[in-house]
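There is one chain below, alone, in structure tokens, taken in the form predicted on its own.
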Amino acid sequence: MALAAAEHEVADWPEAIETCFERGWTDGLPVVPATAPAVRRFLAAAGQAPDDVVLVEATRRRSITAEKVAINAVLAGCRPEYMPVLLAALRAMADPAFTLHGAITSTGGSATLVVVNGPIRQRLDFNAGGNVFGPGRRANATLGRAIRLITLNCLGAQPGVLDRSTQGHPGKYTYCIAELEEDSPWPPLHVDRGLPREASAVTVFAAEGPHNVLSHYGETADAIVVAIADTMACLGSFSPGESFVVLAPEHVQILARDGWTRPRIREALYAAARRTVADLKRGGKLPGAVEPGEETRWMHRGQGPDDIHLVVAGGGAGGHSAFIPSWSRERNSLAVTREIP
């Protein structure tokens, strides 16, 4: 299997790592040097030819081949069997609804949240439990990192050059979770988005970092919904965009015990996650001075209950859920789901 990438001779492994730093191929952390045999193993694991086109970014007319994906997956520390998940995520990012160019260049500083569903979660040992947004699990850490390296090395989204993020957030290193489907009383995310339960799938979302929602003493579903909706209504992240709400098992148990369904949760959150037009103007979210009647005219987070995507994940103990808003101040990027072959 012939590869197109140029080869660089180095004396040893440490020199190979330093070469990657010198050539700007890293995210600031050391990478695994990509050898030709390793790249071929990754391509074979996905049944891809080196020149198969995986993604086309239309704005700058950049094409990403399977070989480039494999190289960056090796650099990120992935295992070959992660390739089908990575390819599905990249194909989802290529969907026009995701608005890839804007998501990786905006001053808003989004990162690509990846949610993995279906049997592949367990087969590849993705973490859906405790510390789900944190370190410690190779599949989560390296798959999310591979996406970041691809945006850096293949799409040119270097910080301060094309990536104009004002502050960014740690999810720009890696931002990949799985859903704890076994602890959910509702259909998992990929089923809610139209795929069969037995399918494996990946959902991508251009997102801010997770906003913690602490509700230790909320012993009813109403109390939990109040806390989450209040976080969703914060001025700093208020927009008509979509949202992810990642519910911890402790909160899920209370919601299920009180008989709340997914539609009811969405409707209640949408109804309560709102601010007056006057508030939005005072906080600089809308232009102009406050006008008569705007103290009692309301705007909601998102455009309707279906803009709120519910996912169950996290450790079994602790009243901590998370609200993850879309990056854009408008409605420039939507969540996209793709089945993993």
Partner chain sequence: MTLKILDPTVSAEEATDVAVAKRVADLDGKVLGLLHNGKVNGDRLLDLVREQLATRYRLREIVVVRKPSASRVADADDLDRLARTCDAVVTAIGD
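Bear in mind that the values here come from a model prediction, so they are computed numbers and not experimental data. Residue numbers count along the first chain shown, from 1.
Note that the form predicted together with its partner chain isn't included here; everything after this is about it.
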Residue contact check: residue 71 to its partner chain in the predicted bound form, 4.5 Å heavy atom: yes
Its partner chain contact in the predicted bound form: residue 327, any heavy atom under 4.5 Å: yes
4.5 Å heavy atom contact, residue 297 and its partner chain in the predicted bound form: no
Touches its partner chain in the predicted bound form: residue 187 (any heavy atom, 4.5 Å): no
Contacting member of 60, 282, 274, 41, with respect to its partner chain in the predicted bound form [4.5 Å, heavy atom]: 60
Residue among 247, 75, 224, 114 with a heavy atom within 4.5 Å of its partner chain in the predicted bound form: 75
Complete contact of 49, 169 and 174 with its partner chain in the predicted bound form (any heavy atom, 4.5 Å): no
Option from 289 to 297, 274 to 282, 307 to 315, 27 to 35 whose residues, in the predicted bound form, bring a heavy atom within 4.5 Å of its partner chain: 27 to 35
In the predicted bound form: members of 1 to 27 within 4.5 Å of its partner chain, any heavy atom: 3, 5, 6, 7, 8, 9, 10, 11, 12, 13, 16, 19, 20, 25
